[in-house]
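Only one chain is given next, in structure tokens, and it is the form predicted on its own.
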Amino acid sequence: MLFQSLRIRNVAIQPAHILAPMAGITDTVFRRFIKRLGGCGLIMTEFVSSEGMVRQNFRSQRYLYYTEEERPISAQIFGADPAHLAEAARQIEDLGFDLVDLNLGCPAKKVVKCGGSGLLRDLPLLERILRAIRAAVKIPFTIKFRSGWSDEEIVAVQVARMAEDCGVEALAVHPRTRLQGYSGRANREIIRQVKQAVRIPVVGNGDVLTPPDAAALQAQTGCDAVMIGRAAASNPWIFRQLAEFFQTGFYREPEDADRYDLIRTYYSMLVAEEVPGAIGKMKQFASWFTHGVRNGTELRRQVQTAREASEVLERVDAFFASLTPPQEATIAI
């Protein structure tokens, strides 16, 4: 069975399906929500600024809250100062995280100025950072990186080999350049080249929207695990679908009842846990969670015009109560 398991030293990831770190999305509520749906073997925090951690910034501390239910869990950090990144990694270890990950992939301008994919243009500095973090912690250390800054500056294989030499224990490769952002197609040939260049586990990331996409990723690259980001926001069942597909060759599409339960459960978690700005989160996720919902435009309108979180829940209940009984849909290849 594809992606059945992966071990990063003492951390067992079963199945080898990983939720990518996503700013503004992968908070503790969303992570637990994904875990409860099933099929996800490893989750990751939103990326956290090492500078904020060193200053004991409240937002950084909030990003690093997690529960035992979320294990195994990795915390992702970003920055460009080797000493501060090492200190941030020590704090991650002290907080009890299972792994620490360095972000070398974010293409946002404000992040590139102080880390993220910007470090792919300064490999000597990156090497100092990798060695500083590795020396600072005993827990497994991984990185997530893009193929390079531009098509003229592809450094994926060079970065992978350097990382392995510095003691990094697994690599997640998003094979787009920083200048690409999220446009165009991910170049899976780069993942294949990285996999052939190193002995440590390689995680493939990019353009996996369905279980057959994940199977094609593995066939084309030989990667050891699959990491999914944006697709999980609009289809949180994707990890469960992967497990089902790799076991049976089939996977079930969600019915109206599944979509209602998904939206109602996530929104109720936001309210029950008194998440700051819960209604803003509800409106943010409405644009994703309503994909595939019949007359989803109207549901989005209902959520976006609500003024209170309790009103959102009432409108969701009323909307789904008005739908006709759901129909089953099964997909196979």
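One-based numbering along the sequence shown. None of these values were measured; they are calculated from a predicted model.
There is another form of the same protein, the form predicted together with a small molecule; it is not shown, and what comes next is about it.
Using a 4.5 Å cutoff between non-hydrogen atoms, residue 323 does not count as a contact of the small molecule in the predicted complex.
Shown alone here, residue 207 lies within 4.5 Å of the small molecule in the predicted complex, counting heavy atoms only. Remark: residue 76 counts among the residues lining the small molecule in the predicted complex, judged by a heavy atom distance of 4.5 Å or less.
Interface membership of residue 229, defined by any non-hydrogen atom within 4.5 Å of the small molecule in the predicted complex, is confirmed. Picking from 39-47, 54-62, 299-307, 271-279 the stretch near the small molecule in the predicted complex, with a 4.5 Å limit on heavy atoms, gives 39-47.
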